[in-house]
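There is one chain below, alone, in structure tokens, taken in the form predicted on its own.
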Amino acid sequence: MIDLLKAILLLGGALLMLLAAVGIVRLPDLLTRMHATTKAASLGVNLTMLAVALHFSDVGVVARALAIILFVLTTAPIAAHVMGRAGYFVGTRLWSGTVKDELRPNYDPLTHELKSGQEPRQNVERPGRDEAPE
């Protein structure tokens, strides 16, 4: 029974990593490619590490497998977010089928200033260097 579970986990992990690789090749722009790789590859690695933990069932190996799973779950989304923002700020083009660009009204490409849209009104319109604050 454990062998069947290990086989399912390994096949599922391999299929998800294959799906991530196909996503890199087939998807049209940076953001959609990163979405495919972050979601599918992270889950694929996690399923593979669960199969490794089940196969060896040694305390040291299980602890390392769980540490790897935790590491991938915490770092992959953060890294994808940072790379996606950097790609947007550098000016990579979005796919022509993109429906909504939520950063466009809040990002100034000349000053590279990004507003959240939640600032109080006095913080949005700051006085210049030569002007005195009110």
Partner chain sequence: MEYVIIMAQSIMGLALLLAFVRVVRGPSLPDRAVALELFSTIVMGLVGVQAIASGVASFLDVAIVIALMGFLASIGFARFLERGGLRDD
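Keep in mind that what you see is a predicted model, and the values were worked out from it rather than measured. Numbering follows the first chain given and starts at 1.
There is another form of this protein, the form predicted in complex with the partner chain, and it is not shown here; the text below is about that form.
Residue contact with the partner chain in the model of the complex: residue 78 places a heavy atom within 4.5 Å of it. Interface membership of residue 27, defined by any non-hydrogen atom within 4.5 Å of the partner chain in the model of the complex, is confirmed. Using a 4.5 angstroms limit between non-hydrogen atoms, residue 86 touches the partner chain in the model of the complex. Although the partner is absent here, residue 92 sits close enough that one of its heavy atoms falls within 4.5 Å of the partner chain in the model of the complex. Heavy atoms closer than or equal to 4.5 Å to the partner chain in the model of the complex belong, across 25-63, to the residues 25, 27, 30, 33, 34, 37, 41, 42, 45, 48, 49, 51, 52, 55, 56, 61, ordered by sequence position.
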